[in-house]
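Taking the form predicted on its own, here's one chain by itself in structure tokens.
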């Protein structure tokens, strides 16, 4: 069920149509179209975001993250439907994924500074997409958890006071921590 929900959410936001969603979920195309139509009715601002973002890109040739990093998309006004469609999907995706990348990098910088300030023995080891992996000393575990959460949740203030949520898992390895 979680997989299907993620497929719908990300698929629609990234421009997947009824055919792609149907293939992905193994459902009839008519059912996929109905899911997309209902989703857009329930969340009309998503379609507005998509349309506004594509229009901005068509006028300016780029999109940008909340931090101002630009992604130039030279094919946004292409006469070729397929080429233009790819650029449009990138125009929608790049500000979201790029801002997420900015956020995790800012969080990593904050965490590194906090760990140095407190002279923790625990170390940040690895970033995997929106996750950070730590080698935490057992005696520091309960102390570093709120530090990590705070740094991640305050890394970048989102517009309209949208909260940023973060979670912590623990285990002897990354798989166990999930």
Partner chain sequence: MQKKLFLLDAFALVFRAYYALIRNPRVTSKGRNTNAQFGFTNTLIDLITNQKPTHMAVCFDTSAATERHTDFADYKANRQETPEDISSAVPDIKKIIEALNIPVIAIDGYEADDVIGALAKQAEKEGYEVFMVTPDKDYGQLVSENIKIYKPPYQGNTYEILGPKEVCEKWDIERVDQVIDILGLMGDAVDNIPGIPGVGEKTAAKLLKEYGTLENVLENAANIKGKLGEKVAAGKDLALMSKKLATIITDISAAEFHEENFRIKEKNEYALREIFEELEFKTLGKRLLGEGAQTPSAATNPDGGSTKEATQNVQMDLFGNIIEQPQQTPSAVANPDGGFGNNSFTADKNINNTPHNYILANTQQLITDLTNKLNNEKEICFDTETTGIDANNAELVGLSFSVKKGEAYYVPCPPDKDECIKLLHKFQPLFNNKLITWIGQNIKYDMLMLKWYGFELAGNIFDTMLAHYVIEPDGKRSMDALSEKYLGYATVHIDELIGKKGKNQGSMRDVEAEKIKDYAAEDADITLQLQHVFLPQLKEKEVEKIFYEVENPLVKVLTAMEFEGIRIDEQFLNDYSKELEREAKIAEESVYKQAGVRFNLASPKQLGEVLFDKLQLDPKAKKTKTGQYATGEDVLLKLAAQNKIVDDILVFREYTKLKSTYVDALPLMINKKTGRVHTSYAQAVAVTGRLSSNNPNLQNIPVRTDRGKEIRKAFIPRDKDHVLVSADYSQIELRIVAAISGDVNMCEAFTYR
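Numbering follows the first chain given and starts at 1. Note that the coordinates shown come from a computational prediction; the quantities given were computed from them, not determined experimentally.
Beyond what is shown, the protein has a form predicted together with the partner chain; the following relates to that form.
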Review point. Quick one: in the model of the complex, does every one of 21, 29 and 37 get a heavy atom within 4.5 Å of the partner chain?
Key: no
Review point. Only one of 118, 58, 33, 112 has a non-hydrogen atom within 4.5 angstroms of the partner chain in the model of the complex; which is it?
Key: 112
Practice item. Consider residue 133 of the chain shown here, and say whether it contacts the partner chain in the model of the complex, taking contact as heavy atoms within 4.5 Å. Key: yes
Check your understanding: Would residue 25 show up as a contact with the partner chain in the model of the complex if we use heavy atoms at 4.5 Å?
Key -> no
Check your understanding: Is there any non-hydrogen atom of residue 67 lying within 4.5 Å of the partner chain in the model of the complex?
Key -> yes
Exercise for review: Consider residue 77 of the chain shown here, and say whether it contacts the partner chain in the model of the complex, taking contact as heavy atoms within 4.5 Å.
Suggested key: no
Practice item. Determine the residues of 134-150 with a heavy atom within 4.5 Å of the partner chain in the model of the complex and present them in sequence order; the list may be empty. Key: 134, 135, 136, 137, 138, 141, 148
